[in-house]
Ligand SMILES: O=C(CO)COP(=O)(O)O
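Below you'll find only one chain, the form predicted on its own, shown as structure tokens.
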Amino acid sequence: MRIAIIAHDGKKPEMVAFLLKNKNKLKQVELFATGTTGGHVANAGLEVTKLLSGPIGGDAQIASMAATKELDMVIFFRDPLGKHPHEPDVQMLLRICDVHNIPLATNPATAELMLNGSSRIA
């Protein structure tokens, strides 16, 4: 199972807390993250492959992985109230997940349901 994780700045602590809470479920999962999110996750002691930071191409890298079926799931904790200069990249990633039928969670409740409902996670 390959999961991409992304979190806007204000949501990074929430992402780390979510991953730590679900650490046992993620033992057999390969995590990929945009650069800054990946740094927070690595600092929490979890193994993660870090890509570029979101604003400089990380969102596009994850979208490319989704388009080529290199991902099984994307968890993207978005800040719906913040302004983000790379919003077009965010919209592109969401569209690519929809086009290629990649499960996408944008909040902890949905991410929890996806992790619990996946038959590929032990």
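The numbering used is simple: start at 1 and walk along the sequence shown. None of these values were measured; they are calculated from a predicted model.
The form predicted in complex with this ligand exists for this protein as well; it is not shown, and the discussion that follows is about that form.
Proximity of residue 11 to this ligand in the predicted complex falls outside the 4.5 Å heavy atom cutoff. Under a 4.5 angstroms non-hydrogen atom cutoff, this ligand in the predicted complex has residue 90 among its neighbouring residues.
In the predicted complex, no heavy atom of residue 3 sits within 4.5 Å of this ligand. This ligand in the predicted complex is approached by residue 53, whose closest heavy atom lies within 4.5 angstroms of it. Per the 4.5 Å heavy atom criterion, this ligand in the predicted complex is contacted by stretch 54 to 62, the sole one of 22 to 30, 67 to 75, 54 to 62, 41 to 49. If you take 7 to 40 and check each residue for a heavy atom within 4.5 Å of this ligand in the predicted complex, you get 7, 8, 9, 12, 34, 35, 36, 37, in sequence order.
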